[in-house]
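Next up is one chain by itself, shown in C-alpha cells, the form predicted on its own.
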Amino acid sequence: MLEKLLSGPKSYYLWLLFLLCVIGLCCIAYAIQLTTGLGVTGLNRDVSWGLYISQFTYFVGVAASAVMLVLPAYFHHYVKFKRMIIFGEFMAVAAVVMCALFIVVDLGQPQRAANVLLHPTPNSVMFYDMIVLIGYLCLNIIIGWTTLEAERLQVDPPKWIKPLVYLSIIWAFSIHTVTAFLYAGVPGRHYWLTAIMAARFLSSAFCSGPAILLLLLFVVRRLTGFNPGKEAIHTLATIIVYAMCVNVFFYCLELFTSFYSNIPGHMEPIHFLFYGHGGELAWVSYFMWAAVIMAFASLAILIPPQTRSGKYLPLALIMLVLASWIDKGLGLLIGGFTPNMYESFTAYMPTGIEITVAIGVYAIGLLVLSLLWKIALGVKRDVGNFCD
C-alpha cells in the first residue's frame, strides 16, 4: 500500500514540500534551544512546565478520541462509522507521535528520555504514561494497517484483530486517565487537585478530538471528493455536543466547588486566569474569556439539530476546538503554576523559540497524518468505498 504515496496531484507534493520546509526552519529554533538550553524558553524556577507539556496534554486527548469511532462501530455495530474509522485511528497515530516529540523537546536534552527505560520507576506515574502511550501507538498502527489491508483485499479483517480492537478501547481511556493523574497527583497545585481531573480530561478529549477529525474530513472532502457519509457526520456531531455539554458542566462544578467553599487556594488560580493579579489582566485572561464565549457559542449552534446539521457546523467545531485548546492548552498549565506554592505570582509567557519549536512538532504531526491519510484515501478509491 506504500505505493499510494507516490501518486497524487501537484498540490499533494507542494503540501508535503511546504511541511518539510516548515520542519526544517523550526529545527533551527530547536537547535538553538538544544545548544543554549531551556533558558531560551519562558520556563523558570516557579514554572517548570509550559507550552510543550500543555500541547502534550492536549494531543493525548486527541489520540484518545479515536475511541468515539471505534466503540460505536465495534460494540454497537454502527456501520456508518466504518468508512471514517481508519482516519480516526491514523489521526491517533499522528497525535501520539506529536505527544512523544513534545516530551522530547521539553526535556532539554533528548537523551534523558532513555532514563525512563534504563531506570524504570514503577512508583512514578510518568513511567506508566510512557507505557500506555507506546502501547496505544502500537495498537493503532497494527489495527489501522491490518483493517486497511483487509479493505484493500476486500475481505473481512482477521479474527485476531478483534481482541486488539477491544483492548484499544480500554487503552484509549487509560492514556488520558494516566495523564490526568500526572496533574491530580501534585498536592501543591490547587488548580489540579481535583478528583474529576481525569473525567474533565476525557470529556474534553471526546469533544475536541472528533471535532478536529470532522474538520479535517471536511477539508479532505473539498479537496478530494471523499464523502464520509451524511449520517455518520450527523452522529459524530451529536456525540461531540454531548461530550462538550459534559465538559462545560464539569468546569462549572469546579467553579462552584472553589468559590462556594471559599477556599483561597482553589479560588486564586481561577481568579488569576480570568481577572489577573493586582488589578491588571494577565495575557492569558483574554484567551480564557474568549474560550468561554466560543464554548457557549459553539453549544448554541450544536445543540439545536437544525443548525448542527447545517452550514454553521464547521464554524461551531472551530470555536469548540479553540475553546478546548485554550482551556487545556493554556489555562491548565498557567492556572496550575500561578500562584505558586508560596502564594507568589510568577508570570509565564512562551517565547518565540518555544512557539517555533511547537509549530515544528505540529508540522511533523501533519506530515505523518497526510501520508497515512493519503494511503487510506488511495485504498478507498481503488475499492470503490470513496463516496456514496
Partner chain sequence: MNGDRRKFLKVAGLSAFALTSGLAGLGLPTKANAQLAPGEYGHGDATVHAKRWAMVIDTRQFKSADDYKPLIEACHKAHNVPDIPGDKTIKWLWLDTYEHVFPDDMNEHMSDRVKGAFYPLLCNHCTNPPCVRVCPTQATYKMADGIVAMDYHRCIGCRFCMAGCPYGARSFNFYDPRKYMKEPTNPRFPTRMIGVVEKCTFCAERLAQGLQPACVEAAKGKILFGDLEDPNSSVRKALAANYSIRRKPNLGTQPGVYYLI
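Residue numbers count along the first chain shown, from 1. Just so it is clear, the structure is predicted and the values come from calculations on it, not from any experiment.
Note that the form predicted together with its partner chain isn't included here; everything after this is about it.
Undergrad: Name the stretch: of 81-89, 122-130, 297-305, 313-321, exactly one has residues whose heavy atoms fall within 4.5 Å of its partner chain in the predicted bound form.
TA: Selected range: 122-130.
Undergrad: Can Asp156 be called a contact residue for its partner chain in the predicted bound form at 4.5 Å between heavy atoms?
TA: Outside the cut-off, so no.
Undergrad: Check Gly42 for me: does it contact its partner chain in the predicted bound form (non-hydrogen atoms, 4.5 angstroms)?
TA: Result yes; Gly42 sits at the interface with its partner chain in the predicted bound form.
Undergrad: With the partner left out of view, is Phe56 within 4.5 angstroms of its partner chain in the predicted bound form by any non-hydrogen atom?
TA: Contact check for Phe56: no, nothing within 4.5 Å of its partner chain in the predicted bound form.
Undergrad: With the partner left out of view, is Lys162 within 4.5 angstroms of its partner chain in the predicted bound form by any non-hydrogen atom?
TA: Lys162 lies outside the contact set for its partner chain.
Undergrad: Exactly one of Asn115, Thr257, Thr238, Ser309 has a non-hydrogen atom within 4.5 Å of its partner chain in the predicted bound form; which residue is it?
TA: By the 4.5 Å criterion, the partner-contacting residue is Asn115.
Undergrad: Heavy atom within 4.5 Å of its partner chain in the predicted bound form: which of Leu38, Ile326, Ala363, Ala29?
TA: Contact with its partner chain in the predicted bound form is made by Leu38 alone.
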